[in-house]
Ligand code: NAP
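One chain comes next, on its own, written out as structure tokens in the form predicted on its own.
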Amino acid sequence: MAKRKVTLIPGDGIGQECTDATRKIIDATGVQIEWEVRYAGESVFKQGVASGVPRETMDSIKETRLVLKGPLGTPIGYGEKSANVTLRKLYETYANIRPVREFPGVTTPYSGRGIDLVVVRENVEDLYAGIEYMQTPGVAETLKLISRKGSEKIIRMAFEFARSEGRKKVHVASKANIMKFSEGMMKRTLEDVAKEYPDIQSEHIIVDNCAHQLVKKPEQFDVICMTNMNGDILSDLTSALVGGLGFAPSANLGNEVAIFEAVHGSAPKYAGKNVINPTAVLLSGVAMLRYIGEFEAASKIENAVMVTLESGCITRDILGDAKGVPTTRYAETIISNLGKQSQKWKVREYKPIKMPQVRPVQDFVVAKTRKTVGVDVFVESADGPEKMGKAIEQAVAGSPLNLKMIDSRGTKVYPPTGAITDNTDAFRCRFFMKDAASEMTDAQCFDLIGRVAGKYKWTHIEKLHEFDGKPAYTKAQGED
């Protein structure tokens, strides 16, 4: 049989030790893999590659479409973006799968509760799009981008993954009660997509309640689907329930490329000491084997890991320095246990995952009608709201747009409401057409900005739209 090519990125810090152990164990099963060793992360940043991902690594991934990687570091003073995030975004690996299950021999406060859940995290949108600005020298802004297309892909993935593992329920956790457009997109999408999966229960849950319930009763969850940052935070929480990040594997899945890696970081202070726990990277490798259809080898390794843990052969992160075994001994023991069956762990019956397909168009949602009714102009000012409001009203006199209100950090401060606010120098000025039946033109918008600019520095604008007759903007706190 031809060998399956896999791009192997050893990573930084403890990455080399984790991937060495994983590679040896996978090779010991007899699976035919040709490893293409390539580099990314800290060492590459120091060579002057700003992305942390060199061309030869990208070329290898383009050919293999399959990556097993160790954790990557971003040293201070080198590079701008995380190489981990760069790799996920370059190849549109939009789904981050993080399984969490109680391990034999690993004692935690939750032992015996039967925790067995999977976090399915959207991987390329949300605040992690990394689009940030300084509105003023003292006020920062990050754009939170959630698309219907991205939401549909990740929610369909959650249902398809549940089917592949024989799971019965999908929760979608969001902050839709506060961010009704962005986080609310996940809730609305769930309500539409769930109809196509009648064999699987589904439920929406507010993400802070989800965090509460994960600590209170984690065994109630099966699959939890979340937006990018919420999924990042809560998946780390879930790993702590079963022993920590040393037992936290993950898969980054896209329609073209799959990247398998541990959740944990590069932990440079432990590098080269032969004390780290490679289980997270190894189980990421197990997920990779299942992805390519090597179910027998995957189950063989999974059983061997559990037999090893049951025997008390565990690394220092669980047993401490005095009792924990070296990394190399742990890996060798797993190899010696290949072919043995765990008495306490039942390997799930897996089916090949069906990657969700959505319409490959950019305008995923098309409004039947649309109208531009006004504009928000973000300005910088050290003036008080009342002085600024009157100055802007005077400046726009004669314009077809009226100043409706000014807010500071989302709270209306002009016209005054009696609210007690600690303002910054970043304000949002909201303008609407005087004639509500009219639509604002770009020329009118540009004229308005020119008038405002005669009084104050402006940072950026947001047009106020109505799509299909509904406002496509939210009101400030205190706005009528």
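Note that residue numbering begins at 1 and tracks the sequence as displayed. Just so we're clear, the structure is a prediction, and the values are computed from it rather than from any experiment.
The same protein has a further form, the form predicted together with this ligand, not shown here; the description that follows concerns it.
Using a 4.5 angstroms threshold between heavy atoms, Thr308 stays clear of this ligand in the model of the complex.
In the model of the complex, this ligand stays beyond 4.5 Å of every heavy atom belonging to Glu122. At least one heavy atom of Lys269 is located within 4.5 Å of this ligand in the model of the complex.
In the model of the complex, at least one heavy atom of Asn277 sits within 4.5 Å of this ligand.
Across the options 368-376, 123-131, 149-157, 244-252, residues that bring heavy atoms within 4.5 Å of this ligand in the model of the complex belong to 244-252. Note on the partner interface in the model of the complex: the residue among Ile259, Val286, Val172, Ala262 having a heavy atom within 4.5 angstroms of this ligand is Ala262. Residue Leu72 is the only one of Met226, Leu72, Leu282, Ala95 with a heavy atom lying within 4.5 Å of this ligand in the model of the complex. Heavy atoms closer than or equal to 4.5 Å to this ligand in the model of the complex belong, across 81-99, to the residues Asn84, Arg88, ordered by sequence position.
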